[in-house]
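Presented as structure tokens, the chain that follows is alone, the form predicted alone.
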Amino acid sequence: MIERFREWYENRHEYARSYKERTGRKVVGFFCTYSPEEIFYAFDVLPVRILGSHEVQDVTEPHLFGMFCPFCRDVLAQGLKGRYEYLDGISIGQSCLHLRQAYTSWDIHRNPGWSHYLPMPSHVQSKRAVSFLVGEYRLLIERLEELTGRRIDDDDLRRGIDIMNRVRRVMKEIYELRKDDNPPITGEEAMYMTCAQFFTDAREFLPVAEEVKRELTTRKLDRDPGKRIMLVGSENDDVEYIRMIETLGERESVGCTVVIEEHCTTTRYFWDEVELGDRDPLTAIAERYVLRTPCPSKDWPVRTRLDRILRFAKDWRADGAIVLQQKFCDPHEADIPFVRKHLQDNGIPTYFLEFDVTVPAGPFAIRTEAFLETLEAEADLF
């Protein structure tokens, strides 16, 4: 059953086309995890995250400055090449300027007929952030009414909240199993799971994830888990890199297993649920996106993300953390010294790698292996 995640990830476009044909529902692409999927589900619109293809491309230079991050350029390339031609609309919840420019260029040159820019507050710690966002959500709802030709009420919003909360909960339960001495799921498989959720209807993803959770309780992997590694940093769905480092133990003296991550394709995306209670559902959704683990572009003036990262590292007993940055990603570049210091001050060794659209497998394998060997040497010493 766990192979379904990989199939969904690798066949994302075929799934979406088939989904539209068999359901007749709209599909909207979103650029950043600050887009409130709960509201899209309230309209029975499928929200699909737009990720890159990790292929070298030559179509974005006229649209994006060469020193914009490779993820943004890769995302825009997907639009310019028509890979998401089935979309009925595009939307972005404001995160960083690079991704916003990718959205704007897509909006100008490949607009599928509907688009909406959601000005997600950068100062999420402002006492006015939630009320501001509620107002913006009302405008988003008006735009979705235009797209779908239907109106929604609070019960629809509660249904959307329930759909997303249930999916988040089962993924967290699967992540709990990665705390085992020999985790029953590899980091590569976990990455396929979280990314597959971006491309599939949560109501179809949920029963598969629940079945996988049941299977994992008795699953025994015939591999040495090696060092327990945490991944921290920029957007990352580079499963090739994770597969490469998790198979180092088959070729070299020391291997590893990625047991936890903190970036926007995994825990930062799904870890926090909407706390509904008896409150207005739109306010509850807004609070979730204001209070969730922030992107570095929003983690100010008080840094709240560092303690979450450290707690993950401690709870999942990481031997070390590999800190990743998409090349030219300014928010993460400014954040990384603080992340590394916070982890290292608390006994978690770190190692830095800068990612591009494609990963230089050979050099990255050697550098990662060297880091793992230092962890092994420290274990031998102490």
Partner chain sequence: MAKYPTEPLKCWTKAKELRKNFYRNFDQAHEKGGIRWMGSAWALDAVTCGLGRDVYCITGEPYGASCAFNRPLSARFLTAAENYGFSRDLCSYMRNYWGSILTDEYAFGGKFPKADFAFTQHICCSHAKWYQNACELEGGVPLFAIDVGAGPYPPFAAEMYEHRVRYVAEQMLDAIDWMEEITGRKYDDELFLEGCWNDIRSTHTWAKICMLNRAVPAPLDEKSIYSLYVFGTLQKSNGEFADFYEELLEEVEDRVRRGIAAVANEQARVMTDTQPPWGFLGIYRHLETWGAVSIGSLYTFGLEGMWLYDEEEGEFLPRPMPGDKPKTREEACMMLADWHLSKPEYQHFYHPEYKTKMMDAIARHWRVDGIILHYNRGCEGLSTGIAENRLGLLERGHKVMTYEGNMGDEREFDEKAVTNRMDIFLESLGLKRPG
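Given the structure is predicted, the values throughout are model-derived calculations rather than measurements. Positions refer to the first chain, counted from 1.
Omitted from view is the form predicted together with the partner chain, to which the following refers.
The contact residue chosen from Ser126, Asn182, Thr283, Ser253 relative to the partner chain in the predicted bound form is Ser126, the criterion being a non-hydrogen atom within 4.5 angstroms. Shown without its partner, this chain lists Val357, Val27, Ile348, Leu64 as candidates; in the predicted bound form, only Leu64 has a non-hydrogen atom within 4.5 angstroms of the partner chain. Note that among 145-153, 89-97, 242-250, 275-283, the stretch whose heavy atoms approach the partner chain to within 4.5 Å in the predicted bound form is 89-97.
In the predicted bound form, the partner chain sits within 4.5 Å of a heavy atom belonging to Pro296. Among heavy atoms of Tyr117, some come within 4.5 Å of the partner chain in the predicted bound form. Though the partner is left out of this view, Ile108 does reach within 4.5 Å of the partner chain in the predicted bound form, counting heavy atoms only. Residue contact with the partner chain in the predicted bound form: Pro331 places a heavy atom within 4.5 Å of it. With contact defined as any non-hydrogen atom lying within 4.5 angstroms of the partner chain in the predicted bound form, the contacting residues in 270-306 are Pro296, Ser297, Asp299, Trp300, Pro301, Val302, Arg303, given in sequence order.
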